[in-house]
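Only one chain is shown below, in structure tokens, and it's the form predicted on its own.
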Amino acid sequence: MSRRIVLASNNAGKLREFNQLLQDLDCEVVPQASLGVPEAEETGLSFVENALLKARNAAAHTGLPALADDSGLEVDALRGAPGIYSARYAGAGASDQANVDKLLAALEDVPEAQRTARFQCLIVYLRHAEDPTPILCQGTWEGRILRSPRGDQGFGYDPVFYVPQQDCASAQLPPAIKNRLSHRGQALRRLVEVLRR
């Protein structure tokens, strides 16, 4: 029987990516909402702090091992913004489109060479809520912000995140290639290596 791990997120895109990348470990990743877990308040000032808050909350409410990621987009011309506020850049409960629109407006006058950016992902795995040695894995994906969206794959900022080695937006990549290259894919592969030991 596969081991159940609660994902401290209700994001369907993230759930799909986690299950695809962890399928070899005989794990079933379930979203916290399906287990009645309330959202944790993301009061941390870093990706690490927020991921830990979310994972501890999910583990405490379910008694299951928990996975949480905190990820976001860092844009150099915006001094690292939106960063930890990526999901709510245009306000609490903002849609992906509203966040992308705000980002493009903020970068309207920024020349191509200065539109460098990266996705960061910090994943935390807790064996239980009081786990004193959480597993932390990080992934970074370098790219540039496009002037307009391209593609319809992925979610979040994927349509405006240009991937130089593929010469396209992240939202134009097939899922298998995105999972290989992405910040979340990198962090998850590191996690899989640790969990296999």
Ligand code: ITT
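What you see is a predicted model, and the numbers here were worked out from it, not measured in a lab. Quick note: we count residues from 1 along the sequence shown, nothing fancier.
Missing here is the form predicted together with this ligand; even so, the following discussion is about that form.
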Please tell me whether the candidate spot formed by 33, 56 and 62 is one where all three residues come within 4.5 Å of this ligand in the predicted complex (heavy atoms). no
Using 4.5 Å between non-hydrogen atoms, is residue 9 touching this ligand in the predicted complex? yes
Would you check, heavy atoms only and a 4.5 Å threshold, whether residue 156 touches this ligand in the predicted complex? yes
Is it the case that residue 49, even though its partner is missing from this view, gets within 4.5 Å of this ligand in the predicted complex, heavy atoms only? no
Is residue 28 close enough to this ligand in the predicted complex to count, meaning some heavy atom within 4.5 Å? no
Students should find that, of 87, 103, 117, 78, the residue having a non-hydrogen atom no more than 4.5 angstroms from this ligand in the predicted complex is 87
Hey, which residues along 162-192 are within 4.5 angstroms of this ligand in the predicted complex, non-hydrogen atoms only? 178, 183, 184
